[in-house]
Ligand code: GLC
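To begin, one chain is listed below as structure tokens, in the form predicted alone.
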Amino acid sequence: MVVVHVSAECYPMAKAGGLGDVVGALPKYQKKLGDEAMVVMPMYATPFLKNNEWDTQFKGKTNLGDWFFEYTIIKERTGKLGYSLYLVDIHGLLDRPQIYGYDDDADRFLGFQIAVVNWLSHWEKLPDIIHCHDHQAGLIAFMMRYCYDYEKLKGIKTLITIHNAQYHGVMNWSKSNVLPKWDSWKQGLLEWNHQINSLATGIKCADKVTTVSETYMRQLKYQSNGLESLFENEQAKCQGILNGIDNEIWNPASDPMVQFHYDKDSFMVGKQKNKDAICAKYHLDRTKPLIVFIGRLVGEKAADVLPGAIQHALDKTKGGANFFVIGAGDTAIESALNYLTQLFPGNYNCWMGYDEKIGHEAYAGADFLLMPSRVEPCGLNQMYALRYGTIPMVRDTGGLHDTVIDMGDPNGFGIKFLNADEQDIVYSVQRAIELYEDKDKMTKLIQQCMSIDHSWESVVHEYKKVYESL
């Protein structure tokens, strides 16, 4: 079976969040299962592009409304990622250092999708499945079926995976004029609330819709930023499949980004050495539990609650824990978190930005990972934490509900709370401190965490079943 993944992100080429990790790992494990899986994404001007060798696979011409452009498809030469990685180069449109955040993002991803479909139409042997990811690839199924120039593609089965339904790729209806000529009788498939809604179009047009956890799929019927009725109507073709993690990359026994290696039999020494290194580097107290937050500093992650929650937790526990925050986003949240370094030297520090190595070091050295998310479709951070023997402290929502069992349960291993507010976070910190002081229980839970398997090997079969059903 030949599967083409279409995505705005793919690690290590370009990553802004979990989408990049998933698209960077899933095709590798699909190939191990025997399918021919590949990824096509925009050619951003990232270090990975500059530090690797590429072969030109195709050159084409198409248009975005009145703008006729040339595009080039290049392929990573060595295949070292475990699958074929193709990049779409549209000069002046995609070849920029950032993935998102430009005023013309709508045109950028429209141009990307049009180029992908145009390229596919030149294939002699067509793929079996086009697997689209999020709204940046949401119009592809529509174009394959209802744009006159691409009728050759209409028989290919399509799947869209929703990694975050809060973002829809909404555009003014005038953008319909820049799409390749399409069947005007199908206007309703493009339209949602008198605008083009790329995610809604993908849901309507794809043969199958998946999202990244079963709980999140249920939640989308009442929490999807305006698409609730659509998910209700299309539920027959919707399915939740929990994400996995790449155990080859996320492995504390061999991780090249981590200074001291360990496994579930040697973690007491290995984790402590990594913790000592972090505490020395960021001026924290190595004798106290280390609680880390790793993520975007935005409302979805409840990052706006963090400054107050950390301050109240340290006040209430009289400095009974350390906090280390890694992230970037809302400048007001960044300022508030930076200010805390003046209030709690020795118990708190932060690093504004995201560096893959610092993230790996934090998972390896921390005692607890805090995830108070308001919205968390799947969450990979808690799975990374489990892999590295770091106890997850999570709000009970989405994929966090599906992957963490509270330690109050006989089979539990984490800390869960109901509300993304200061009170629940402070209470959870108190529970974490009590657990940390009970060394025997803490050791047992860490061993339990490290024994849990969230690898792609255990997940990839679910996608295989979906593909075969199509």
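Note that residue numbering begins at 1 and tracks the sequence as displayed. Predicted, not measured: the structure shown is a model, and the values here were computed from it.
The same protein also has a form predicted together with alpha-D-glucopyranose (GLC), omitted here; what follows describes it.
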The one option of H135, H163, H131, R395 with any heavy atom within 4.5 Å of alpha-D-glucopyranose (GLC) in the predicted complex is H163
Tell me, out of P377, G202, G365, G295, which residue has a non-hydrogen atom within 4.5 angstroms of alpha-D-glucopyranose (GLC) in the predicted complex. P377
Looking at 277 to 285, 377 to 385, 357 to 365, 168 to 176, which one sits within 4.5 Å of alpha-D-glucopyranose (GLC) in the predicted complex if you count heavy atoms only? 377 to 385
Answer for N243 alone: is it within 4.5 Å of alpha-D-glucopyranose (GLC) in the predicted complex, judged on heavy atom distances? yes
Answer yes if any heavy atom of V22 is within 4.5 Å of a heavy atom of alpha-D-glucopyranose (GLC) in the predicted complex; otherwise answer no. yes
Within a 4.5 Å heavy atom cut-off, is L85 in contact with alpha-D-glucopyranose (GLC) in the predicted complex? no
4.5 Å heavy atom contact, A313 to alpha-D-glucopyranose (GLC) in the predicted complex: no
Is any part of 205 to 225 within 4.5 angstroms of alpha-D-glucopyranose (GLC) in the predicted complex by a non-hydrogen atom, and which residues would that be? V212
